[in-house]
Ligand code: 15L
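This document opens with one chain alone, in structure tokens, the form predicted alone.
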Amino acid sequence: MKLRRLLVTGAAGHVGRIARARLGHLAETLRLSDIAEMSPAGAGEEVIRCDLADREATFRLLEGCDGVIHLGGQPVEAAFDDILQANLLGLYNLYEAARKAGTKRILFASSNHVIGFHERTTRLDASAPLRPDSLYGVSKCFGEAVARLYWDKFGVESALVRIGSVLDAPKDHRMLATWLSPADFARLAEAVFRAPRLGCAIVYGASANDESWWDNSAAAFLGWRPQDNSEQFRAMLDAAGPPPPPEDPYNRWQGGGFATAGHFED
């Protein structure tokens, strides 16, 4: 069933622009929001600038929305105060606004960095313990916990999409496992909003790559079938240079550079 109004937060960002370009058909109206400036509204679009850390503004933003693709927030490691405003306070405000507005379904852009301190030799499914590799990863663990609470207590459904790397092509050898093509991201969003039931599902956001660390069998009921494969880019990456040696800590942890970087506050 077509949504009446689908909100995309973080619409000025890289993945937000993909959502804007590919997912307008999911709703009669696509409401686009970001703290940054966006291009003017096109046909079937609304553009509203909003800081999700502003609770009253976020409540107004959710009015009339029956679905959300939540991409807004701090997208990489940063100082805790920056992460606090965008990824903790903003995330809470969004879910509370959804509860008050009667919005029943959210695609939450979580991250592979909630499990970044698992070794690459370990295949993970939806039951894998959280092992964040950064303050950014911790903030996404918080988001997943809030989403779970709002499903269990208030019936707000969520897809917790642990996104790998949404790019036209992987930039390094690690991304041969984490790559999620823009087309497969769009297919996933379509599956999330057409599913008869969703609950609070954990989905690993990666394409059908030959190199794979993640098992999505618990989310098979969504009917999402990624179609792209990063293997087509391996020769290009090999030509650009070899991957780090196996003994390099970067190659040990699934979080790669997030796991091996120093603490941002130092």
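The first residue of the sequence shown is number 1, and the count goes up from there. If you're wondering where the values come from, they're calculated on a predicted model, not measured in any experiment.
Note that the form predicted in complex with the named molecule isn't included here; everything after this is about it.
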* Give a yes or no on whether each residue among P75, M175 and F258 has a heavy atom within 4.5 Å of the named molecule in the predicted bound form. => yes
* Structure fact -> Within 4.5 Å of the named molecule in the predicted bound form by heavy atoms, the stretch out of 79 to 87, 108 to 116, 187 to 195, 122 to 130 is 108 to 116
* **G143 within 4.5 Å of the named molecule in the predicted bound form, heavy atoms** => no
* Consider Y136 of the chain shown here, and say whether it contacts the named molecule in the predicted bound form, taking contact as heavy atoms within 4.5 Å. => yes
* With heavy atoms only and a cut-off of 4.5 Å, decide whether G164 touches the named molecule in the predicted bound form. => yes
